[in-house]
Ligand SMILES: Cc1cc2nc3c(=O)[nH]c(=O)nc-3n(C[C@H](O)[C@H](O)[C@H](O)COP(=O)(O)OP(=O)(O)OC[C@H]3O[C@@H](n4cnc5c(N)ncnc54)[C@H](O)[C@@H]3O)c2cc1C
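Before any questions on binding or motion, here is one chain by itself as structure tokens, the form predicted on its own.
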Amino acid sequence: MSELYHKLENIVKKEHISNDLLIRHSYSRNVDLVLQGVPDIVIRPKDEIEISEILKLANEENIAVIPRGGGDCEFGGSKPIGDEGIVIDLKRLNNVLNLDQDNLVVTVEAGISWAKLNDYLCNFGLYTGCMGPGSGMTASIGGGISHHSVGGGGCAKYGACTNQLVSLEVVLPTGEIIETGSQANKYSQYPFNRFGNGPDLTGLFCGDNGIYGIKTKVSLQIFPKPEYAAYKTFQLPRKERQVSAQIMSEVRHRGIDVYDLMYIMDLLIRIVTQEKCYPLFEDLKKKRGIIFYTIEANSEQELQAKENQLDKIMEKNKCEYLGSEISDGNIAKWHYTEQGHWQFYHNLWGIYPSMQPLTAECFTPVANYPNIMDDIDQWDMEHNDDIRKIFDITQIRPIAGSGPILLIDGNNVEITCGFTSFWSVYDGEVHPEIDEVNLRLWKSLLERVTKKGVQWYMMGDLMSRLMVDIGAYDEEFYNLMKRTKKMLDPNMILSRGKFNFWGK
């Protein structure tokens, strides 16, 4: 390993590489409680040339390479599977390269965060439309493309962030560097369109969870931010899951242009008010779920027309308007005007000391999510004996349910379902049985939700392998994925183990 280390050091210089045990352990986890893999080396290249040289060397040495953007993934996607490999940290690739205001396209290095990019764009009255994932303060643009990310705001209007993609620069696992979209034509002076020049190879790297290549440059469509906006929050009546789904479906069927439309379940409202995490909800007389909308427009007349249409739908479904100010409970205003879109997405994280999520982030049709949520309640009851084992240690019961359920493109929603639980280190003592129970419960819930026919986007270590292990993939589909992987990555070095694509 020392010889490999010195070869890598010659590529990036010594201040950008480490095999220190503390550094390696700091890159061994993402945000979940149970998945860990300690890399042998952590390296921070500055550009696609250095990444290419690293990958070529990794192929010679047959050592796994794991790309890491912001490290915010929830299924172990940006750490090794097992204790091995080189983690390539892309944080040095964090610059805006070009703003093409004429064609409304921005080109950035893939390690830049959604927050940094949108902070830059706001100086020109622009934004990315879909604001990326809910962790966009630190999540990288490249990671968002790798996951079809949603959640940070604007997804009802713009859909997942990959909808905005124009072109990519990608370093393939063997070290070749390619460009896609309009840039596949070597005479193209600047990125302007994704489709054409043959097959849509850009799509091969969308949602690939880092198995087909390392994204180094990303060109995105950008949009003028409309001058006018409105945002209202309502409390739902009884049977809130069904009512919220009916509202979302009616909005789509009537063709009303909304920027965001989100449902937050009653369980969350009760807990965050009980623990005094959300002062804006403490005065609610009924601790029921809420639904909020945000709309944008280029004129007051257009805005008022949309607002009237939406308010009639809310009134017809017996929703109670909470008031115009944040202090009234108007989380929609906070979400849109005060960067709440990057602060509240996972509501229950950290409410109790040591509590963190084991999530199941997926897409499903609007009509399907009440059934999924009801089934998670049933799952919770069926697994009470295992859940009690954790409660007996912590005296706090793990919480099953969902974070915000948000309308995305089409008549679909994103669900951040799952459960929150505790680390194996609790109150100064190590409880290895917590890890065992957590992993067993997590796999059980993921399999249950998968069999509801959902579509996974963020898959990482655990979900990508579970799909294979439970036979969820059509055999021909999975074999095509595998043949493509083998062609691009003959030594299976990149993100080794995801989707059960192991090395020699």
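We number the residues from 1 along the sequence you see. All values derive from a computational prediction rather than experimental measurement.
The form predicted in complex with the ligand is left out here; the points below concern that form.
Item to complete: Find out whether any non-hydrogen atom of Val31 is located within 4.5 angstroms of the ligand in the predicted complex, and reply yes or no.
Response: Contact check for Val31: yes, within 4.5 Å of the ligand in the predicted complex.
Discussion item. Considering non-hydrogen atoms and a 4.5 Å limit, does the ligand approach Ser421 in the predicted complex?
Written reply: No.
Worksheet item: Heavy atoms within 4.5 Å of the ligand in the predicted complex: does Leu90 have any?
Response: The answer is yes: Leu90 has a heavy atom within 4.5 Å of the ligand.
Fill in: Close approach of Gly152 to the ligand in the predicted complex, 4.5 Å, heavy atom
Looking in the predicted complex, residue contacts with the ligand include Gly152, since a heavy atom lies within 4.5 Å.
Fill in: The single option of Cys73, Cys130, Met248, Ala332 touching the ligand in the predicted complex, heavy atom within 4.5 Å
For this set of options, the contacting one is Cys73.
Fill in: Interface residue in the predicted complex among Gly85, Pro173, Pro398, Gly134, criterion: non-hydrogen atom within 4.5 angstroms of the ligand
Among Gly85, Pro173, Pro398, Gly134, a heavy atom within 4.5 Å of the ligand in the predicted complex occurs only for Gly134.
Fill in: Which of 377-385, 75-83, 279-287, 266-274 lines the interface with the ligand in the predicted complex (heavy atom within 4.5 Å)
Heavy atoms within 4.5 Å of the ligand in the predicted complex occur in 75-83.
Worksheet item: Considering only 429-463, what residues come within 4.5 Å of the ligand in the predicted complex, judged by heavy atoms?
Response: Tyr457, Met458, in sequence order.
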